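Below you'll find only one chain, the form predicted on its own, shown as structure tokens.
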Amino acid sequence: MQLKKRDIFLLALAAFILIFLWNAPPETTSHVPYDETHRRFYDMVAAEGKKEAEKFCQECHNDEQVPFPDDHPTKARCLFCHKLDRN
């Protein structure tokens, strides 16, 4: 059985993707803690989705209470990066 150029290309592409993913940096974004303060958001995400829960993040995470680092990206989609920690 002889491989066609297309087959070799697809195998090389698959190998490249696997190597790329294998070498990806570790996750560094902090998770949303499962504590008394954040527990209600876990229920809200389960019932209504992430976008609904994100509307309340800036009640506490703002310049007065829990400020963002200077290099923090846009604050509109908190749960896109910060994962729920169900442990």
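Numbering starts at 1 and follows the sequence shown. Since the structure is predicted, the reported quantities are computational estimates derived from the model, not experimental observations.
The protein also exists as the form predicted in complex with heme C (HEC); that form is not presented, and the subsequent description refers to it.
Taking the partner from elsewhere, Asp35 is found to have a heavy atom lying within 4.5 Å of heme C (HEC) in the predicted bound form. Within 4.5 Å of any heavy atom of heme C (HEC) in the predicted bound form lies no heavy atom of Ala47.
Mapping the unseen interface onto this chain, Phe9 falls outside it, with no heavy atom inside 4.5 Å of heme C (HEC) in the predicted bound form. Contact between Trp22 and heme C (HEC) in the predicted bound form is not found at the 4.5 Å heavy atom cutoff.
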